[in-house]
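Quick setup: one chain, the form predicted alone, written in structure tokens, and binding and motion questions come after.
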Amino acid sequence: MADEGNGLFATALAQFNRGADLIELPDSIRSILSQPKNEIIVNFPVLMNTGEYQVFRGYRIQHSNIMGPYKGGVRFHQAVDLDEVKALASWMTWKSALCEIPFGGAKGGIAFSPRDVEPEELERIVRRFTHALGANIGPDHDIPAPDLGSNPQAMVWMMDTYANSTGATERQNVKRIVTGKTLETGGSPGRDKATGQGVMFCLQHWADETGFDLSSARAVIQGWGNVGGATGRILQVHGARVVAASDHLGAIADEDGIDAFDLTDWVGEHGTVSGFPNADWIEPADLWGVDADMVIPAALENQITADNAGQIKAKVVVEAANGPTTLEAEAILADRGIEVLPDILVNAGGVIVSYFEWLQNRSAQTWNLNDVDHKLRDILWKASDSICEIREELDIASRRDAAYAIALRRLKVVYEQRGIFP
């Protein structure tokens, strides 16, 4: 087992290799999928409001396109580095294969804090990054989307920059260069809540499978951003209670339940859950020990570790974030009988609805929200069914290992049929 200090990509590789072992993935295919196809690093200058130029470093990692165009978000965070983005790109490949959508895996990012720049500076950073990537992205080649720190407006800037770098006759044909756009510029209904909605569909499947009553569930949500907030609101609509929540500035709890809609309004106004008047302040480290039925990490990676996994009292950990559980922590949870619903299933709602947006842009159509939600549920339900089936077929205890086995089996078939050129 890899040590927790070996980096996020080492964790991603360890998970990949467990799944590869289960399906006896040939060494040739294992070698190909063990590294990204392309690692693109760009350093680009941006004029700041001070009148001086600052050089930013951006990444675009293209892991695999054997199943379709590279697909993945663009992250704006000061901790973005090559190791992190490589791991995130590989997880996108597995998500797409697991959910049978015709995309490969990619991820991008810029190493900076968007909170530390002015809005007009942010626009210049995004546009310069897009220009620096140039032909490395494209509507049928590599399709970015929002991620941590970015948003629909950033995607609109990316789309506009790319469109104005193409020929005049193509500018209306490239809306699908990015997904996660605003509705007015070609975005899809339901994309803003897609990941949270997907979390709920996966939870519903697990609840049906295990006989658990979600309507009386108590949830702890770590990270009250786009994903965590949407998950909390959807859970509340279904009768569940959010009994604790946190973000980068604080944590709150209330055993009677925190109103998810009121908390979202508070965070929208104050930028943090800290200070929310209708709950008790707690130490962030105590969040994991709050008595609940489910713990939902919805922030950064490596949040559930060997240091806090023993505190969790829940029946299930629901990985709304990418890579939130370290290898050591996952082993501890398994020993304690706590199930883990894996990230490559649980948070796949974002890339699935991005696929829907891409399809709508290709055909110049707009679907309604009910259609989007219905199609999203069908895909996640089918993927969840597949996990149940392969667990029984191969006698797999871990849902993560089962999800990887499905994804890698599908990739294996495609590689064997297509071959390696030349």
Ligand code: GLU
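Predicted, not measured: the structure shown is a model, and the values here were computed from it. Residue numbers here begin at 1 and follow the sequence given.
There is also a form predicted together with glutamic acid (GLU); it is not shown, and the following applies to it.
- Note on contacts: among Thr231, Ser246, Thr93, Thr179, the single residue with a heavy atom within 4.5 Å of glutamic acid (GLU) in the predicted bound form is Thr179.
- Val351 is the sole member of Ala299, Val351, Ile258, Leu235 with a non-hydrogen atom lying within 4.5 angstroms of glutamic acid (GLU) in the predicted bound form.
- Contact check for Arg191: a heavy atom falls within 4.5 Å of glutamic acid (GLU) in the predicted bound form.
- By the criterion of a heavy atom within 4.5 Å, Pro342 is excluded from the residues contacting glutamic acid (GLU) in the predicted bound form.
- Using a 4.5 angstroms threshold between heavy atoms, Ala145 counts as touching glutamic acid (GLU) in the predicted bound form.
- Looking at Asn322, you'd find a heavy atom of it within 4.5 angstroms of glutamic acid (GLU) in the predicted bound form.
- Here the chain stands alone, but in the predicted bound form its contact with glutamic acid (GLU), taken as any heavy atom within 4.5 Å, falls in 70 to 78 among 163 to 171, 259 to 267, 70 to 78, 122 to 130.
- No residues of 17 to 46 lie near glutamic acid (GLU) in the predicted bound form, the criterion being any heavy atom within 4.5 Å.
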